[in-house]
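A lone chain, given as structure tokens: the form predicted on its own.
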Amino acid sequence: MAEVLLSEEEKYYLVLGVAQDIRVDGRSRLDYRSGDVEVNTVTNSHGSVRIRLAETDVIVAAKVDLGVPKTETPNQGIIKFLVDCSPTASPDFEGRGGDQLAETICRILSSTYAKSSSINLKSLCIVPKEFCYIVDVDILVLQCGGNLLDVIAMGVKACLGTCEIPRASGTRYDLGKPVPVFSKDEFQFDYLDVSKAPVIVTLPRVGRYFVVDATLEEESCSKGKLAIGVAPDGSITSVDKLGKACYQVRSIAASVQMAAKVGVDVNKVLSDRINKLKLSKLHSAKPWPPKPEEGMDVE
């Protein structure tokens, strides 16, 4: 992750503030910074969002293609992730630094969404063993201001929740093989159900205490962090350790309890935002003037 250089006095000041539950920007240990989510930021995609959390800025875009299901999961679709950590976002992303971070983020996201409890991948299957949807999720880091993994996870959930999946109206047979038939109406599409998809709560330990939504300065005071996946019902879906720090069992238990408490609130706020984004997309996509109903007289 990106870091900034701090003197020992500055680190001591940050650690002391966290111990008193008063961080440099006035937040408590459980508070997030303000953020915003925009939809339809990439025009040549089936769904895209731009999510900002303080200085952290990320674009997530999804492209839906037709493909063949995997042999081990013949009745499921596929979701792939690609992360691009731009060197302009942080000098630490130059060279192999950005590649290693991108590989770590892709691994965490792939393992999170490969679980059947996150997203029903069967809804992406059109014809078992023959045709399915392949959703390519591209993530571009424009600026890193701390807590990058959490922002990316929120952006991915919002992007998948507003991604327009083409609606297959049926199948026809060509030379004895089934071929999917798609609706000709461009306004007919389906959304993925992300109501059970988790968010990731990253908890670096600053001094003796874990903090939520750490800034770059706070991350520089920590030797490691725990990335914990939290479902909307508060259940823990994954735990990943990042960095070189070691943790006792009681510390991990405390961090999991803390992440579950925060993750439920984050999921609720994000789900409400996704529903509003979908409504705004439906209103903007509604054809005008509306087609007259059958039997209606048009002057």
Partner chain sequence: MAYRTHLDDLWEQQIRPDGRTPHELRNITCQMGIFHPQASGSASFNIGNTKVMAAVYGPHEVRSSQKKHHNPDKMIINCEYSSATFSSNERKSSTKADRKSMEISSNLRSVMEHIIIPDIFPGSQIDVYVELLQDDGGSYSACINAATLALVDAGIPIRDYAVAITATMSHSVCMVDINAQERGQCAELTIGVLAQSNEIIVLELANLLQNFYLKDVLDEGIKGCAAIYKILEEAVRQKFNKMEQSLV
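Numbering follows the first chain given and starts at 1. Quantities reported herein were computed from a predicted structural model and do not represent experimental measurements.
Keep in mind the form predicted together with the partner chain is missing from the figure; the text below concerns it.
The partner is absent here, but in the model of the complex a heavy atom of 145, alone among 166, 145, 128, 178, sits within 4.5 Å of the partner chain. Checking 42, 254, 245, 30 for any heavy atom within 4.5 Å of the partner chain in the model of the complex turns up a single hit: 42. Partner proximity in the model of the complex, defined as non-hydrogen atoms within 4.5 angstroms of the partner chain, places exactly one of 245-253, 58-66, 258-266, 22-30 at the interface: 58-66. When the partner chain is considered in the model of the complex, residue 140 lines it closely, a heavy atom lying within 4.5 Å.
Interface residue remark: residue 120 is not counted as part of the site for the partner chain in the model of the complex, having no heavy atom within 4.5 Å.
At least one heavy atom of residue 88 is located within 4.5 Å of the partner chain in the model of the complex. Heavy atoms of residue 94 reach within 4.5 Å of the partner chain in the model of the complex, making it an interface residue.
Residue 216 is the only member of 213-228 with a non-hydrogen atom no more than 4.5 angstroms from the partner chain in the model of the complex.
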